[in-house]
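Only one chain comes next, encoded as structure tokens, the form predicted alone.
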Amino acid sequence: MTNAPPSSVKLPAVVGLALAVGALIALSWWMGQQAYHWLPVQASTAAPLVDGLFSFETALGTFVFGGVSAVMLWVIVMHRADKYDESDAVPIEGNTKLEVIWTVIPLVIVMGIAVYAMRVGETLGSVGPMEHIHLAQPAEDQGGYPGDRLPAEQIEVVARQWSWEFRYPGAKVSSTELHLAVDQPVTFRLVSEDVIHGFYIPAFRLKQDVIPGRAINFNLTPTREGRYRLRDSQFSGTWFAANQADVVVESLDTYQQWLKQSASQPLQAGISDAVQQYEDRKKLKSPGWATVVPAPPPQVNVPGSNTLPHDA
């Protein structure tokens, strides 16, 4: 009678490995939940989808980082050479099974992230068709109120160096502070009069480049009342960081009342921090490097405010 060969699998090692993996999974899940608190408030239908993708990537990244770090620490502690051992390591050949494993696992992870991201992108469907345009003349000189060229559900967004202008169809209202009705879908017609700008509202989790020579439709639905901040996410010159505007999300009744009141307001200069900063700079004895002269502030019915506190 021959004795069976001793098993190479040690139960304590398996239990320890299972506990370590379980702890790493718990830590990864916790980090994924914490990721929601690192972002601004959710103020559009797109925000939960984008935040969910970010949370998933954070949890997955935590698991990969923690796993790799744990293996490195184990090797350093348990397989280190003796203090005065200066001999070469034992020569070994490649381990095909191990190479297949560390190739397949990253492939699965990357493909999982890609599939998740594509599904989120398809669900959002925020970017519509692009229309080639020609802005040889100012928009106001093309006949009639600029907003009359738009369907009723669209708001035209005009980006310049360095100011934003918003035109509301039908109501014949323009402003340098964007007003939206909560829970009402809206389509923006994004237009640039000079260089590439970035239409980015962090609380909405959506960003779209505004490309000169093209009118780009951009869709979203705000879901939370409040005051938020629109930022230029593309470097467009010296004062691009000052190219910001407030976004006010309010009830439908309040929004309609605002449109009605704004239509009776006379045109006046809108907000343009870049113009003021440029004028202040010219007064210096040494104004510094040459820069593009900011476009004049747009003439609007409602300048709005850029000093009130905002949520994000």
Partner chain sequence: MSIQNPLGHFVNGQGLWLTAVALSGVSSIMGAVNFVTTILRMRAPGMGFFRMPIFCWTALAAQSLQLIGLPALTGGAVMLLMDLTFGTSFYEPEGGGDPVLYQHFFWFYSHPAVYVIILPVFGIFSELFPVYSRKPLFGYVYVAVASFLIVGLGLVVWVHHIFPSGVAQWMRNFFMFSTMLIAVPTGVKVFAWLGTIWRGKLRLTTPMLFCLGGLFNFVFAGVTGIMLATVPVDIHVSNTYFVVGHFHYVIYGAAVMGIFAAIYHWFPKFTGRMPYEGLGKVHFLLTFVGANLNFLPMHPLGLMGMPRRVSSYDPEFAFWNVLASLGAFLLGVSIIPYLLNMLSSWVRGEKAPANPWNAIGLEWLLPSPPAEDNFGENVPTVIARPYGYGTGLPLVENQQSYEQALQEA
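Since this is a predicted model, take the numbers as computed values, not measurements. Positions refer to the first chain, counted from 1. Take the two forms, superpose them, and find the largest set of C-alpha atoms that agree within 1.5 Å; that set is the rigid core.
The same protein also has a form predicted in complex with its partner chain, omitted here; what follows describes it.
- Using a 4.5 Å cutoff between non-hydrogen atoms, Q42 does not count as a contact of its partner chain in the predicted bound form.
- Proximity of Q161 to its partner chain in the predicted bound form falls within the 4.5 Å heavy atom cutoff.
- Looking at E165, you'd find every heavy atom of it more than 4.5 angstroms from its partner chain in the predicted bound form.
- For P212, a non-hydrogen atom is located within 4.5 Å of its partner chain in the predicted bound form, even though that partner is not displayed.
- Only one of A117, A171, V182, V186 lies close to its partner chain in the predicted bound form, with a heavy atom inside 4.5 Å, and it is A117.
- Taking a 4.5 Å heavy atom cutoff to its partner chain in the predicted bound form, the contacting residues in 65 to 87 are F65, V68, S69, V71, M72, W74, V75, I76, H79, R80, A81, D85, E86, S87.
- If you fit the rigid core between this form and the one not shown, you'll see the Cα of K97 move by less than 2 angstroms.
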